[in-house]
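Below you'll find only one chain, the form predicted alone, shown as structure tokens.
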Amino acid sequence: MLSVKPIMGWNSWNTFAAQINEKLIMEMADAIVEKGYLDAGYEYIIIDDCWARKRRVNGKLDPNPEKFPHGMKYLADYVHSKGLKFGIYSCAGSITCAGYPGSYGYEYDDAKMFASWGVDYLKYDFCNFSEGGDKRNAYLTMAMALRNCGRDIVFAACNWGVGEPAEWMRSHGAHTYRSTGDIRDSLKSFTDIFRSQYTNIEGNAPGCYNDLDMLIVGMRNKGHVGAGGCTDEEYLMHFAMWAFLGSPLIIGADIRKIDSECAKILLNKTLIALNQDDECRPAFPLRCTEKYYTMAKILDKGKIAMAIFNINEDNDWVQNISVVFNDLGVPSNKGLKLRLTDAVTGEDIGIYEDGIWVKVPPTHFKIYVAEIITEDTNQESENQ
């Protein structure tokens, strides 16, 4: 099965948009390996829009020879030689979002071409699609084309939420699907996406995940989607939200230039582990308002995680937020307690009974991984 767990990798769009070329992609492949991102799980290098030129008379689509003089197979081979996987972009419309040829009417031809190049991942956009067209059939057609192209290729559908894709993208063959507009490098952008999607992830499971769009961590207001930038704490909360909700984790910043603080965020082992947990269960809401959100997520080996996100921007609004353990399926009348570990720092917070109260400043969060402690567990600990 493809996309057993949420995809992790890097995409060119957020920073570079049309300013892409062979040398750049090779340098990104080098950097993702040399800087430890591959070891952390980031394995896909994805070229977004603007790579192609016009179709030939016979319908064949070629890469722009000025940008990619050796062709895409050469580039895919280089990416594969680094232990990485290679991704590319197309569109369900006749023209891509940036005005390049789309795959409408050429789905099976393009799928076979992508396979011959060694493509492992296809991002499939939705620009310039006929108003009267059947969007579900358009994605189904490419899904079937990829399944019959002779190569395993992850199908990353991107239709920005048109026609409630969470209701049909899994059944129509997508491995991931975008159901929001494009992210920008700002607090408002990623919190708006979180607000719109935190209840829209119940279908997340091996084989298909709701993609909340690319990560902005490390962009520092540079590149194509720069919109003011974020503080380190805001970038950390953004990454934690995406990890907790089970979104694909696709870096959008220039990997060669990500500073140490943002690299630390993107390489956080515990947050990545929440995203890549073996059970791959979606998170669920506990108590959510416009100001703060408490959520939980069942994990492998009997553990459960709880998250508290305070997205209020008022600097005076420090919120004292509670999580009641009954809401986590852990009733206190059975002698059950929870040992809590901070998911960011790895710190052992201690053993709690009934619930926990946490002070969370504005635009901050807390995530704890909880292990159930029974009376038998306590007795074993005392005897050791």
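Given the structure is predicted, the values throughout are model-derived calculations rather than measurements. One rule holds for the numbers: they count along the sequence shown, beginning at 1.
The same protein also exists as the form predicted in complex with a small molecule; that form is not shown, yet it is the one meant from here on.
Residue 160 is the only one of 108, 284, 160, 74 with a heavy atom lying within 4.5 Å of the small molecule in the predicted bound form.
Interface residue among 258, 166, 98, 149 relative to the small molecule in the predicted bound form, by the heavy atom within 4.5 Å criterion: 98. Residue contact check for residue 13: one or more of its heavy atoms lie within 4.5 Å of the small molecule in the predicted bound form. Mapping the unseen interface onto this chain, residue 120 falls outside it, with no heavy atom inside 4.5 Å of the small molecule in the predicted bound form. When contacts are judged by a 4.5 Å heavy atom cut-off, residue 125 counts as touching the small molecule in the predicted bound form. Residue 182 belongs to the set of residues with a heavy atom inside 4.5 Å of the small molecule in the predicted bound form. Only one listed stretch (79 to 87, 291 to 299, 258 to 266, 152 to 160) carries heavy atoms within 4.5 Å of the small molecule in the predicted bound form, and that stretch is 152 to 160.
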